[in-house]
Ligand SMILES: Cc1cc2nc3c(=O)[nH]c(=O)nc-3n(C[C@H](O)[C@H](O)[C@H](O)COP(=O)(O)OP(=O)(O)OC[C@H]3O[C@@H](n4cnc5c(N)ncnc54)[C@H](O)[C@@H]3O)c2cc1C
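Heads up, the chain below is alone and in the form predicted on its own; it's given as structure tokens.
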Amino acid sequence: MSWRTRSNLAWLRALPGIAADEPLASRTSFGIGGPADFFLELARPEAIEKGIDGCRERGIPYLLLGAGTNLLVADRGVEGLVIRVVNREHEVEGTRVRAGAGLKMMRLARIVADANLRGFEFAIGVPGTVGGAVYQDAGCWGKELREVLVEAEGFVPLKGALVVSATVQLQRGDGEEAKQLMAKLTRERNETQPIKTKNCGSVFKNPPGDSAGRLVQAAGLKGAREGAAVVSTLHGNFIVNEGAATAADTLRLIERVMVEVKRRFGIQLEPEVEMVGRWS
């Protein structure tokens, strides 16, 4: 039975701040994807939990969204309710820092440097939010969030864990040195990755003992194109939206890369980007 009953639609339309047929492309780093049937931005954990519980009770599909990185939204959009988590609060207590799930990791890296704390410089290279970083155990330059994470607050809805805040344990240090290191890392990243383009971050997981980017380059696939979706000429593990790429374009390119790398090297690449929405 469809979730689109009269009572369910009435409940959704009555939610404060609700928007119908809300475009999602502008809310993802890829700049790709169709609309959400219904869209809501929420900050307070109790409001988020109430929204999810309401969907579960009524059989309404839902999706939790942060900064929209590492995500490929289908051209036909997302069914049900998309909840964008936007709590961006932060609190520094000694060497512990608590941050809301909606705060961007790069912003948090600068906040802790301003507080003369060290050990979080790697986060300047992590796109997306704190909540997404906890969910994916994100990392950069050989360091992962789990190495400094001491607590994650949230609850477990039907479709996986929902993080509403996280606490990291850092060390006292020279904040100016931290900023200098982050500036150096950012320069290096800008030289090797297409940071200023529309992309989702790393498209494929690195196979054990190898690099997805190296394999894509060795297969001669840098610059490969499907529509306006193009494998970056700067880094083989990035696909760039050159302006009007569709999700279908991007998926065809992902599959083409996987087939060619498998044919050339016998290695099955596994997508790291998460595909959501109406694909069938």
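These numbers were taken from a predicted model, which means no experiment stands behind them. Residue numbers here begin at 1 and follow the sequence given.
Here the subject shifts to the form predicted together with the named molecule, a form of this protein not shown in this document.
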item	value
In the predicted bound form, the residue from 67, 55, 251, 219 that sits within 4.5 Å of the named molecule by heavy atoms	67
Listed residue that, although the named molecule is not shown, lies within 4.5 Å of it in the predicted bound form (heavy atoms), from 112, 126, 81, 99	126
Contact at 71, 162 and 193 by the named molecule in the predicted bound form, all three, heavy atom at most 4.5 Å	yes
Candidate stretches 88-96, 112-120, 200-208, 176-184 - the one whose heavy atoms come within 4.5 Å of the named molecule in the predicted bound form	200-208
Contact label in the predicted bound form: residue 233 to the named molecule, heavy atom within 4.5 Å	no
Proximity of residue 167 to the named molecule in the predicted bound form, heavy atoms at 4.5 Å	no
4.5 Å heavy atom contact, residue 149 and the named molecule in the predicted bound form	no
Contact test in the predicted bound form: residue 60 vs the named molecule, heavy atoms, 4.5 Å	no
Contacts with the named molecule in the predicted bound form, stretch 120-147 (heavy atom within 4.5 Å)	125, 126, 127, 128, 129, 131, 132, 133, 135, 136, 138, 139, 140
